[in-house]
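In structure tokens, the next block holds one chain alone, the form predicted alone.
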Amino acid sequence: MTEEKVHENLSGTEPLIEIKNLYKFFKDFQAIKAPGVNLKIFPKEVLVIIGSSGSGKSTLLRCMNRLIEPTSGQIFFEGVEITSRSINIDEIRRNIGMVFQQFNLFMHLTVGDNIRLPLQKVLKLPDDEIEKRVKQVLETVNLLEKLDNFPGELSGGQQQRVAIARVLAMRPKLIFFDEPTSALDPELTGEVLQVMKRLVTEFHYTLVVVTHEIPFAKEVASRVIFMDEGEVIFEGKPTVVFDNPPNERLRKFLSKILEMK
């Protein structure tokens, strides 16, 4: 099965994820303020979340697959409430990939074995299917020649591409990226963003991306959310958000980001 065929069943109008009245408190700190976030994410959509550090972006992302437990609210994946205590969240996570700031690779395993491990332990695939997927995803991220290398022999950008390949091998329906280039030098950022663009333009993945990479967001986002101090302040098309931001807090944020660049 090709990656294109994996996603043929995602064309439709029902949301892949729906969030209702989600908020999160850490003791006295309101990471996502009440009454909370309400959000729908549709198949083949690229949702980009922007905002300053501490605005609630990563907390929202991690609540969506329950890496962080929400204080209150409901999250539905393909119509099933995954905040229900009766749900086996590990089964749901098979369909939701996650790429972190840090690469989270096993340094004692080769590139190939880092990708093979979840296919063996989680999906329990036969060896021939595993080898097929390993080669396929490494070709997708342009690293097939690094199959037998160890992560420590790779650049940071290459390690992040291996982390992406490991997620792709699971063939998820949705992939979260939590500031995937923030740990990289500027010259390595481009190669990771280029792979992410391919996931959109060639394979039509549904992505939710927390990032400060504004040019990337302009190019690939279907929709952009701006968060500030635990709230969704503005939501709109990239052309509106970046070219003619109608919100004062959004304008101030973007001006600071452009100054930093």
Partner chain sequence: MENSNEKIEIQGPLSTNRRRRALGFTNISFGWWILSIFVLLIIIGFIRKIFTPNANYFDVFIWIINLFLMPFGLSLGTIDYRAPIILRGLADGASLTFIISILSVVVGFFLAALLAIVLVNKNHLYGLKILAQMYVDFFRSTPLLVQILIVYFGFAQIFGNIIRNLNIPGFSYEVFAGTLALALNTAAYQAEIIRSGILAIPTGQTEAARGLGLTSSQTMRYVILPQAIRLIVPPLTNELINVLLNSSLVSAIGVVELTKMSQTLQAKYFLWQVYLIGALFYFVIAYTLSKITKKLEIKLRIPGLGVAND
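In this text, all values refer to a predicted model and were calculated from it rather than measured experimentally. Residue numbers count along the first chain shown, from 1.
This next part talks about the form predicted together with its partner chain, which is not shown.
The closest heavy atom approach of residue 90 to its partner chain in the model of the complex falls within 4.5 Å. In the model of the complex, no heavy atom of residue 85 sits within 4.5 Å of its partner chain. When contacts are judged by a 4.5 Å heavy atom cut-off, residue 233 does not count as touching its partner chain in the model of the complex. In the model of the complex, no heavy atom of residue 81 sits within 4.5 Å of its partner chain. Of the candidate stretches 71 to 79, 129 to 137, 182 to 190, 144 to 152, only 144 to 152 has residues whose heavy atoms lie within 4.5 Å of its partner chain in the model of the complex. Each of 96, 105 and 170 comes within 4.5 Å of its partner chain in the model of the complex, counting any heavy atom. Of the residues 62, 204, 223, 212, just one reaches its partner chain in the model of the complex with a heavy atom at 4.5 Å or closer; this is 62.
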